[in-house]
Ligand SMILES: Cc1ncc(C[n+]2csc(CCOP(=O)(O)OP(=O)(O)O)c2C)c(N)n1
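Here's a solo chain for you in structure tokens, the form predicted on its own.
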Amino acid sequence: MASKILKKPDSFFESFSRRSGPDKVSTHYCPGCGHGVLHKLIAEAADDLGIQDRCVFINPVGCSVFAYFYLDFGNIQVAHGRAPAVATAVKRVHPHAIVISYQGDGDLAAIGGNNILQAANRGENITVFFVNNAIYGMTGGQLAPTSLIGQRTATTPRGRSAENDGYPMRVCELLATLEGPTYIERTSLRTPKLTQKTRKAIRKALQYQMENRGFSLVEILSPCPTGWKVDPVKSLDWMEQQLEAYFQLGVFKDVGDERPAKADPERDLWSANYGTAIDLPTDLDAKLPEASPAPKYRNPSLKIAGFGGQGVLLLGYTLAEAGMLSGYHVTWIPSYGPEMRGGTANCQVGISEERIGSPIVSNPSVLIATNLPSMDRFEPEIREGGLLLYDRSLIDRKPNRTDIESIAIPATSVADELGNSRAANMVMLGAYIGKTGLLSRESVMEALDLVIKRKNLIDLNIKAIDKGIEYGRGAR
């Protein structure tokens, strides 16, 4: 006898291990928010259409900024408003991919207004899910392009006025006037019945992209109890009485029948052109001796962390540059707090003999920590058997983990002896390559010449790297 099994879609991570902190089962969204519902609808559609391994999810700044915590897709996080531009690039390079641009109203209709307009006008074969809750939900509840007349926000405490703030922008109606788009519909998450209509619209938009019919956009009206400063039940009443009254639901354009389905591209353009696209100089091997790391140190994923001003981003950038010069596939993602100097900073680096599927480093095989808060935060994330290098000049405790290899480097003290404590980052870099043998000294020196803009500092950094190499080799 058949049985129905209720479970998360396979396109959802079973446990949200990418989240920091102990909570790995709940999302970061507020109670009553529609984003979690919409994520589920997208994940279910990807499962049922069999496209999970082809999906590339592109999300900018906003409440969906951490969507990669939950959806087991390829993911690219982009600058505010730029998702359609990046989606265009990804789709043109990977025409077989299913590219999803996921945007809020403050993102798509404000700073990203021209990006969405041009992508729609070109008829790019991408799918856009546009979440409209009529407010900047993430950054304090400011006026959005879709905020309603009379609506009170953090920046319109007396309510939006047409004379001062203009009228709410109807994105579907605007884009439907263009020739480029194939399918545009506005739906809602207010009731189960309307949510089912949203479910169908999501699948149709994705199906059109699978059939190469062109640009699709589904605008989803979604509750934001926190931004509206009401409880979740009252937020649904406000949606019915106000939001849906102004933003009429329905299909605004559907010319899919006029744009017949086309066969999927036979070749992935990126794969076809990959070798010629990034060919390095033919004499590279002659210039840069091959390194021979032990198997356990090959293909590392690194997290390098400290405070602003310690040069942790430069450390990671230099490693990535040296890896590229040595013929590896590399990624480098910087992350820093708004305080910059004196605030937190870290970067994620991948160095691999194979193509790297995602630049995100959730569980690093290597952690380089240059201050105690970074070691406290990231030590638990290191993979079992991984490697931890830390600056013992600034970190006054030993690692808690006994299932990892750890090396204490007096990086700041060594840099002080060389005459500049800011060279401690290069001492740590040298210690890492000295310990692992992943990169040759020559490749790092060549990279250093490319990344250091103030050439008068190169000699100091070379000395710091060489001192670090001595410490790293001595730790074998």
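From 1 onward, residues are counted along the sequence shown. These numbers come from a predicted model, not from an experiment.
We do not show the form predicted together with this ligand, though everything after this point is about it.
Checklist entry - So which of 335, 164, 191, 139 gets a non-hydrogen atom within 4.5 Å of this ligand in the model of the complex? => result Of 335, 164, 191, 139, the residue with a heavy atom within 4.5 Å of this ligand in the model of the complex is 139.
Item to check | Contact assignment for this ligand in the model of the complex, among 230, 111, 360, 356, heavy atom within 4.5 Å | outcome: Partner contact (heavy atom, 4.5 Å) among the options: 111.
Item to check | Segment that reaches this ligand in the model of the complex - one of 54-62, 407-415, 420-428, 435-443, heavy atoms within 4.5 Å | outcome: One stretch meets the cut-off, namely 54-62.
Next on the checklist: Although the partner isn't part of this model, could you tell me whether residue 219 comes within 4.5 Å of this ligand in the model of the complex, counting any heavy atom of the residue?
Outcome noted: Heavy-atom contact with this ligand at 4.5 Å: absent for residue 219.
Next on the checklist: Taking this ligand as it sits in the model of the complex, is residue 133 near enough to touch it, meaning that at least one heavy atom pair lies within 4.5 angstroms?
Outcome noted: So residue 133 counts as contacting this ligand.
Checklist entry - Looking at the partner-bound form in the model of the complex, is residue 80 within 4.5 Å of this ligand by any heavy atom? => result Close contact exists here: in the model of the complex, residue 80 approaches this ligand to within 4.5 Å, heavy atoms only.
Checklist entry - Does this ligand come within 4.5 Å of any heavy atom of residue 306 in the model of the complex? => result The answer is no: residue 306 has no heavy atom within 4.5 Å of this ligand.
Item to check | Heavy atom within 4.5 Å of this ligand in the model of the complex - qualifying residues of 93-121 | outcome: Going through 93-121 in order - heavy atoms within 4.5 Å of this ligand in the model of the complex - the hits are 104, 105, 106, 107, 111.
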